[in-house]
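What follows is a single chain, given as structure tokens, in the form predicted on its own.
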């Protein structure tokens, strides 16, 4: 990715809010957090998000109808595949890329004559910490 694009005040505030968040945020959650900064309407948030999405600094998680700041903005452009692992228990989100998965999607698209604009993969499950906590809870309930 090239140099970081110049951002407006609203874009900077939305990006900072997402970067500081520990969970994905909906546009309305972003709006609520930025009311003290003069944000009054959802359109202000959506305009900022549109530009941040376009520049690859933010990703939309369709399954959650929420947004996250890009973990690796310098490592991929808008055309590359981005994948997310989303924990169903704690809501944690891990962003990653995998060239082998990307190659397989590209090969399928080429074979089918499909023009891919973006590829986003969302994997839902349990993170290792939540799995450990669940196993410990089961052990306690079983009297182990």
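This one's a predicted model, so the numbers in the text were calculated from it and none came from an experiment. Residue numbers count along the first chain shown, from 1.
Not pictured, yet referred to below: the form predicted in complex with the DNA.
In the predicted complex, at least one heavy atom of residue 46 sits within 4.5 Å of a heavy atom of the DNA. Proximity of residue 100 to the DNA in the predicted complex: non-hydrogen atoms within 4.5 Å are absent; the residue sits far from the partner.
The DNA in the predicted complex is not approached by residue 104, whose heavy atoms all lie more than 4.5 angstroms from it. Contact annotation: residue 35 falls outside 4.5 Å of the DNA in the predicted complex, judged by heavy atom distances. Of the residues given (116, 63, 26, 89), 26 alone sits with a heavy atom within 4.5 Å of the DNA in the predicted complex.
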